[in-house]
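So this first bit is one chain, no partners, the form predicted alone, shown in structure tokens.
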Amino acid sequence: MTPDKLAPEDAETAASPRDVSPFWYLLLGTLFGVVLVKSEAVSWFRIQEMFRFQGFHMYGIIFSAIAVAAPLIWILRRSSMKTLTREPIDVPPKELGWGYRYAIGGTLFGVGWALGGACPGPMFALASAGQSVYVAAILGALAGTWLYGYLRPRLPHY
């Protein structure tokens, strides 16, 4: 819903996404990167340790994230909270899918994560922290994303 579709009293106070300074996005992204680095969630050693089932560190981080996110999603679904643009927040239920395409996609993601030592988000934190080899991983991820976008019309989607 855009401000012009709101009631007159709401239209005057409604913020648009353009009203939010890019500074806040940069600040939040930087803080998130610092948390990833300090918690060792971007550590190649920790990631390898997780995939080899030799340590609980990464599983603890993942389970902690679930323990925080699950009640917050529950609260969002039951509340009448609104976005900055005064639109209601709607968190639709996730549709679980099964089949070969999920197995192939999950396997490709997991193999890339295991070989690269990072999933897409932490790659930027690692590159920013001075691990310049992750620039190549980021370029590879971008190339893979472009390739998927190019091939998408020819792929089976149902």
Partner chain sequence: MLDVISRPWPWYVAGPLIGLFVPTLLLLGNRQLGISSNLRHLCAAIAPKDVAFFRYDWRRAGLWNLAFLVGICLGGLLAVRFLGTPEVAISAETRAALARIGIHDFSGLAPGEIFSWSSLGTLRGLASIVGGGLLVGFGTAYAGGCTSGHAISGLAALEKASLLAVIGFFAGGLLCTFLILPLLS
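For clarity, every value in this text was computed on a predicted model and none was experimentally measured. Basically, rigid core = biggest C-alpha set you can superpose within 1.5 Å across the two forms. Numbering follows the first chain given and starts at 1.
The next section is about a form of this same protein that is not shown, the form predicted in complex with its partner chain.
Asker: Considering only 100-139, what residues come within 4.5 Å of its partner chain in the predicted complex, judged by heavy atoms?
Answerer: Counting only heavy atoms within 4.5 Å of its partner chain in the predicted complex, the contacting residues of 100-139 are 101, 102, 103, 104, 105, 106, 107, 108, 109, 110, 111, 112, 113, 114, 115, 116, 118, 119, 120, 121, 123, 124, 125, 126, 128, 129, 131, 132, 133, 134, 135, 136, 137.
Asker: Determine whether the C-alpha of residue 103 shifts by 2 Å or more between the shown form and the other one once the rigid core is superposed.
Answerer: True for residue 103: a C-alpha shift of 2 Å or more.
Asker: Comparing between the shown form and the other one on the rigid core, is the C-alpha shift at residue 38 2 Å or larger?
Answerer: No, because once the rigid core is superposed, the C-alpha of residue 38 moves less than 2 Å between the shown form and the other one.
Asker: Using a superposition on the rigid core, decide whether the Cα position of residue 73 changes by 2 angstroms or more between the shown form and the other one.
Answerer: Moves: no, less than 2 Å.
Asker: Given that the shift is 3 Å or more, do the Cα atoms of residue 97 and residue 61 end up closer or farther apart in the predicted complex than in this form?
Answerer: Their C-alpha distance grows by at least 3 Å in the predicted complex.
Asker: Please check whether, in the predicted complex, the CA atoms of residue 98 and residue 51 lie closer or farther apart than here, given a change of 3 Å or more.
Answerer: More distant in the predicted complex, by 3 Å or more.
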